[in-house]
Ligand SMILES: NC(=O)c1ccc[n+]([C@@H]2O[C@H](COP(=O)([O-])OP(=O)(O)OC[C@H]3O[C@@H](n4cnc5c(N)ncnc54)[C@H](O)[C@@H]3O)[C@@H](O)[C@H]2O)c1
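The chain below stands alone and is given in structure tokens; this is the form predicted on its own.
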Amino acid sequence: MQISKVGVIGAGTMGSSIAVALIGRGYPVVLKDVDEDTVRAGLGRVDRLLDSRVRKGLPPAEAEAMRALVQPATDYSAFPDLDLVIEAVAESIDVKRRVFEELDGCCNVHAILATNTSSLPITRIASFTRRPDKVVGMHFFNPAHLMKLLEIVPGLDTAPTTVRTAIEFGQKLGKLAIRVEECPSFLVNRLLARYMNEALWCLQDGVAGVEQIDQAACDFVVPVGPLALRDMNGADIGLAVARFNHQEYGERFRPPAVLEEMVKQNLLGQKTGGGFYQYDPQTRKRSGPNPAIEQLIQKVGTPAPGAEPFAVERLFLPMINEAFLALQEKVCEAEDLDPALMAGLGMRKGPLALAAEIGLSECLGAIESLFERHGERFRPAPLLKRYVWARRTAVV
């Protein structure tokens, strides 16, 4: 199927960024939201993103041509002519139900309906329509106009032609478009969650401090430490995601109490001026560790019995273990896993490359030791065991 004109539902931060990704490749876009003020705010965000490109060297005439490709809308009158619609509204199943029921009624029968959800089930969203074969997940990473990864997630009834069209379209946008089978939080956010949680456990257990954890992670393989990243995204959002994953996957995803307590105390990160670090309320510039975290740890901390030295590998072992679980479930192709994590998170090496570098046998031994000490969140993945038994030294 040829994609010529695209609609974006939701003119917020993500929807506006997706629109810029589209017009940057020459696609006309209908940008819709509920009222003129909201759409106008979205157009303002599009203008600011294009202005930023001009400051970095984009000719002003090209920016003007891109901006002319955006058609604002508060109704669905232009939608019968669209080939693809990308939904980027609130991460609420009830809101998405309303949007997809409306889209199903106004879009032509050949149009693909995509959702940018980062975690909600595609099959359930597709059930709100009479065309589940035409519904697919297209999970852009924020900011969508810059981030290279695009997770393409089919539902149970998504047609192969729909998946193929979505992947080809993502590639035309210049994205690394990877097929990911439907599972809670999909691939990248699922693996990220295990690493982010483990950083919190290390802090809560008194194994390492805030700056020690973040610096070690940055020196090892990531551009931003896990606790600084949590401050950027917001502890409240982090807790909502952690609760969802815990509900869906069980005990190994259980969030530590420190995150719950931070939300109770409104230590949400940059947006409240304090999280793991302190921030200037105007510039959001970081000024140093937040003393309130030490007091919070004293309240909810659970120091492990006996001295437990900190090793940066501990942060990534849960991610490595989850990668093997994902491969075992055939969530993605093995050769796609590391590129997805590198493109989506900015890692310099993916978890499978890290596992090979550390040694698969050494990884398993460390995970088994941590399993004996900490329980379910370190239960070794059966596929990792099989690789070690077969004396494999790498996955791909």
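Numbers follow the displayed sequence, beginning with 1. Because the structure is a prediction, the values reported are computed rather than measured.
The discussion below concerns the form predicted together with the named molecule, not included here.
Contact with the named molecule in the predicted bound form, judged as any non-hydrogen atom within 4.5 angstroms, is confined among 91 to 99, 315 to 323, 262 to 270, 204 to 212 to 91 to 99. Only one of Tyr277, Phe253, Tyr195, Phe140 comes within 4.5 Å of the named molecule in the predicted bound form through a heavy atom, and that residue is Phe140.
Interface residue among Val34, Ala65, Val54, Ala334 relative to the named molecule in the predicted bound form, by the heavy atom within 4.5 Å criterion: Val34. In the predicted bound form, Asn116 approaches the named molecule with a heavy atom inside 4.5 Å. Taking the partner from the other structure, the named molecule in the predicted bound form has a heavy atom within 4.5 Å of a heavy atom of Gly12. Of the heavy atoms in Ser361, none are within 4.5 Å of the named molecule in the predicted bound form.
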